[in-house]
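So this first bit is one chain, no partners, the form predicted on its own, shown in structure tokens.
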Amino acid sequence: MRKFVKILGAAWAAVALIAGAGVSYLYLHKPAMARASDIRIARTPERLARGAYLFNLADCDGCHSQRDFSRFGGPVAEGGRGAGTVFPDAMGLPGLVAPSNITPDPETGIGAWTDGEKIRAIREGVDRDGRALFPMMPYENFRHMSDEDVYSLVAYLDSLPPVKHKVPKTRLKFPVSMLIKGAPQPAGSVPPPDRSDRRQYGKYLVTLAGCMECHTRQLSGGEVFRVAPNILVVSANISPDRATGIGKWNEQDFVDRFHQYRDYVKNGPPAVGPESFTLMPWLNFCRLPAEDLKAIYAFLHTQPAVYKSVDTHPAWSLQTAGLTSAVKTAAP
């Protein structure tokens, strides 16, 4: 018996040693990264225009800008573009997640960063100090952004009005804080997309827009987003299923669904309640040209059709159902 206890004790000591070594490795391990390039990006009119388009397509406002969610689509608050914010606790994230100030302010933003450091952060997920960024920043998608496109995006970031706004550092809980070190990867050189192939160009746009991050890899939706105790929204099914997805939509239906919100961009979106709350960046995507929306439509229709009925506002539906039931009960 004593011998068995000794063996068991030795086994547990070995396990503890291995576990300790694993934790030490994760703590000391540096994310994979390439040296930031010494490039200095020229701000040409063409790059600034393309960069503004990419900023919009990638929904950089969605995380890094201060927004007014009392209005449809959460338009950017005046003076809040790129100023950084803090995600609410209701989202259930693994710690404090605070998307940084990405304006050129040298003290609280990225004004002191080199263009090479900005490129590395966008496509490889490593900040200027060599720390891994939380992959909610979709650098695993942006890794596929072409060289010229990332140059254009950085040129546009450099042109933003600097905003002095200090954002707290993201502080993730263990073990997520250690595990994310495996996410960054050097991007190397990425060629431009082939725009002559509509489906492939559509795939490129869908990747940068992060459609599969919200609508799931199958595009069947169902991802739940709770941004406040009383606000919950679920992503829609955008697979080509005819019954529950967008399979019955023709190309023009798809374009019109987006372009209908252009009036909101021009004249300002209306005030809304929880029943119309959305995280879908309609105010961004409605600005995309018809040809790009058609390319996205072409790619989406190459994907498998998934039968999955999704209620995008379930909490409101239940509340409405309760009110309807109460009215019926009270009726003579």
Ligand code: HEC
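All residue numbers are counted from 1 along the displayed sequence. Being a predicted model, the structure only gives us computed values, none of them experimental.
The form predicted together with the named molecule is left out here; the points below concern that form.
- The putative spot formed by Ser220, Asn284 and Val306 is not touched by the named molecule in the model of the complex; no residue has a non-hydrogen atom within 4.5 angstroms of it.
- Ala236 is the sole member of Ala236, Val255, Val76, Ile231 with a non-hydrogen atom lying within 4.5 angstroms of the named molecule in the model of the complex.
- Checking Val97, Ala183, Val163, Ala155 for any heavy atom within 4.5 Å of the named molecule in the model of the complex turns up a single hit: Val97.
- Put simply, Arg131 is close to the named molecule in the model of the complex: some heavy atom of it is within 4.5 Å.
- Using a 4.5 Å cutoff between non-hydrogen atoms, Gln66 does not count as a contact of the named molecule in the model of the complex.
- A residue is said to contact a partner when one of its heavy atoms sits within 4.5 Å of a partner heavy atom; Leu300 meets this definition for the named molecule in the model of the complex.
- In the model of the complex, the named molecule stays beyond 4.5 Å of every heavy atom belonging to Arg143.
- Residues Ile110, Trp113, Ala121, Ile122 are the members of 108-125 with a non-hydrogen atom no more than 4.5 angstroms from the named molecule in the model of the complex.
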